[in-house]
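Just one chain follows, in the form predicted on its own, and it is written as structure tokens.
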Amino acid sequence: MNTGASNFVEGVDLAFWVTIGISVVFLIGITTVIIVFLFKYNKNRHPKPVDVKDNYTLEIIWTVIPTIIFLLMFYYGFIGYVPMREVPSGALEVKVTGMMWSWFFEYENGKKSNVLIVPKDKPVRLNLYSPDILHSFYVPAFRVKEDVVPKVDNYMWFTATLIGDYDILCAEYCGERHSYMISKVVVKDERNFLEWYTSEEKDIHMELTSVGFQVSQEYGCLGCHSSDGSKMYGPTFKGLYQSKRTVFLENDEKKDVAADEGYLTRAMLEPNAEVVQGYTKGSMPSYKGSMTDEEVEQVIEYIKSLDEK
């Protein structure tokens, strides 16, 4: 009977403890042999060293035994890994977007959230997507981890077996705010999950104040830009609209600009064309081709609304 938080805990833990056990046995054995040989074959006892050669028995032993041990560890790892790639039919599908530096989840019925809410005892398939760089979706309590690679379709699945909240981390270093790329898996019983899944109310986890906020969250803007004036990886959104700033152009010339609608649009679609002084070229991804014109306008409206509060 599986007593972990997901259906994969037992298999992964077994492979882990087999590997640890074998490693401990070898650590103790090799250390013991080193200490024994240190005294038994020291220079005082054997002033004239003698080579050991052509000992086929010894060569067979140190070849066959490590091979068997390696195959044993491979076997337990393999039987734990194979089920992770075999998704049961009827699994709940969720699109997971990992971007600098946040996670975003979208369900088949259009429901969106910045935490992953799943039902207990039902398989869930996560379709992994990244619009910028390499990330890695990791739920330690579930013993599942999978890379989120730009322009590569990847997936993972699990069945949550215990109700509760579990940490989501990024296990691939992805830049300055990598350690801030955290979220939660919230496991509910089937009734409570369906109530949330079918409700038309605003998701309490999203705390939406506008459509622009939701778009900013979805595209990871709030992972770099604060909305309260605090310093983060990029300029804060608060007070940004119509503010004066010095930018470097692509030819390294400087000019002063006002952060109006035109500038903010260029900053999202062609961020390297006008780099704000004090920030690094290439640190912000281009959203050209991924953000629609309407979404760009919605983000700008959200930025403008922050100065009204």
Partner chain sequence: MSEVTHHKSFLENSEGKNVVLSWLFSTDHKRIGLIYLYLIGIFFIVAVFFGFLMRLELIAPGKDIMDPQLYNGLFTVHGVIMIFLFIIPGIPAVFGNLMLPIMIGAKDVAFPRLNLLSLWIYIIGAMLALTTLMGADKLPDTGWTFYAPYSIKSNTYVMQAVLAAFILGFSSILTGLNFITTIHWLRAPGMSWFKMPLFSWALYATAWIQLLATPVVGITLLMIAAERYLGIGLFDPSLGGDPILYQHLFWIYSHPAVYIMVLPAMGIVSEILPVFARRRIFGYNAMAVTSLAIAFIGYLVWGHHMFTSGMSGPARIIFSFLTFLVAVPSAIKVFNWVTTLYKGSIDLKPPMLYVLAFIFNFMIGGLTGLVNGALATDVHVHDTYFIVGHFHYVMFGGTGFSFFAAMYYWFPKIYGRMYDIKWANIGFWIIFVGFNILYFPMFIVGMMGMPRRYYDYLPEFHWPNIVSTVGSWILIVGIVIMLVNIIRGSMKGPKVGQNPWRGLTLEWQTQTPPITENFEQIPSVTERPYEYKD
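Think of the rigid core as the biggest set of C-alphas that the two forms share within 1.5 Å after superposition. What you see is a predicted model, and the numbers here were worked out from it, not measured in a lab. Numbering follows the first chain given and starts at 1.
Only in words, not in the display: the form predicted together with the partner chain, which the text now covers.
Look at 114-122, 187-195, 162-170, 215-223: in the predicted bound form, residues with non-hydrogen atoms within 4.5 angstroms of the partner chain sit in 162-170.
In the predicted bound form, the partner chain sits beyond 4.5 Å of every heavy atom of residue 257.
Mapping the unseen interface onto this chain, residue 107 falls outside it, with no heavy atom inside 4.5 Å of the partner chain in the predicted bound form. Residue contact with the partner chain in the predicted bound form: residue 127 places no heavy atom within 4.5 Å of it. The closest non-hydrogen atom of residue 19 lies within 4.5 Å of the partner chain in the predicted bound form. Residues of 175-189 lying near the partner chain in the predicted bound form, listed in sequence order, are 175, 176, 178, 179, 180, 182, the criterion being any heavy atom within 4.5 Å. Once both forms are fitted on their rigid core, the CA atom of residue 89 lies less than 2 Å apart between the shown form and the other one. With the core held fixed, the Cα of residue 52 is displaced between the shown form and the other one by 2 Å or more.
Core-superposed comparison between the shown form and the other one: the CA of residue 64 stays below a 2 Å shift.
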